[in-house]
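Take a look at this single chain in C-alpha cells; it is the form predicted alone.
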C-alpha cells in the first residue's frame, strides 16, 4: 500500500510527542530562575584568583610572575608587580600583584592563563550571571573582585581543588623538610 512509510513515521512522531509530556526523563524544559541545571565540573566562564586563609591579600597565591598576562591571546589580563614582598604558602618571600585586572569584555574564556600558571593561582569560575546595572562596573574585574576563598573553589570543582591542595601541601612539606635539613646542617659547621 502506498504511504505506509509516511503513516509509520507519523506514528513514531505522535508517540514521541505524547511521551514527551508524560515521561519524567524526557521533560527537558527547566524553569530557569527557580530551577537550575547543574553545571559540569569542567565548565568554565571567567578566571578568578583563589586564596588560602581568611585574608584575600595575604593568602593570594599569585606571585605576579606575569606569565598569564604574556600568554593571554586577547591580552585582557593586566598585572602590576608590588615593590615589597610577602611570604607565600611555603614561607618564601614573594612578590605579589599590586594590581591584577581582567577585562572580561575581551576575555574569551580559553583557560590558557590557568594552564600556564605554575602556582595554581588562577582558576576558571562557573559564575555566569554577571549582569549589573552599570556597564563599566562589570567589564573590568579588579583583584578584590577576582579573589575568592579556597572553600569556594572546593565547592565548584571538588576533585580538581582536592588535587591542587594535595600538590601544594606536598610542596610545602618538602620545603619545610629542606629548611629543617639546612638548619640542622648549619650548627654542625660551627
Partner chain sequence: MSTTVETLEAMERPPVTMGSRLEGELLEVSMGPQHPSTHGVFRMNVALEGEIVRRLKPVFGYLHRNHEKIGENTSYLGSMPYTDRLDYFCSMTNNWAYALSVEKLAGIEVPERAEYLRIILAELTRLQNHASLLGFLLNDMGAWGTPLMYAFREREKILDLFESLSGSRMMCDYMRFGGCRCDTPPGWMEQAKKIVDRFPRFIDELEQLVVGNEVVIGRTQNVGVLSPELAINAGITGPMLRACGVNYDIRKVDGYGFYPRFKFRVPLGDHGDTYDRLMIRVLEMPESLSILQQAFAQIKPGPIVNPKVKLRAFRPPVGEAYGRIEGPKGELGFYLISDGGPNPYRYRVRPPSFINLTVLEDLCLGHTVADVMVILGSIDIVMGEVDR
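In this text, rigid core is short for the largest set of C-alphas that superpose within 1.5 Å between two forms. A quick note: this is a predicted structure, and the numbers were derived from the prediction, not measured. Residue numbers count along the first chain shown, from 1.
One more form of this protein exists, namely the form predicted together with the partner chain; it is left out here, but the text below deals with it.
J.: Quick check on residue 166: any heavy atom within 4.5 Å of the partner chain in the model of the complex?
T.: Looking in the model of the complex, residue contacts with the partner chain do not include residue 166, since no heavy atom lies within 4.5 Å.
J.: Taking the partner chain as it sits in the model of the complex, is residue 67 in contact with it (heavy atom to heavy atom, 4.5 Å or less)?
T.: Residue 67: yes, in contact with the partner chain in the model of the complex.
J.: At the 4.5 Å heavy atom threshold, is residue 33 in contact with the partner chain in the model of the complex?
T.: Residue-level check for residue 33: no, no contact with the partner chain.
J.: Even though the partner chain is not shown here, does residue 28 get within 4.5 Å of it in the model of the complex, heavy atoms only?
T.: Yes - in the model of the complex, heavy atoms of residue 28 and the partner chain come within 4.5 Å of each other.
J.: So which bits of 66 to 86 sit within 4.5 Å of the partner chain in the model of the complex, heavy atoms only?
T.: In sequence order, 67, 71, 73, 74 come within 4.5 Å of the partner.
J.: When the rigid core is used for the superposition, does residue 57 move between the shown form and the other one (threshold: C-alpha shift of 2 Å or more)?
T.: No, the C-alpha moves less than 2 Å.
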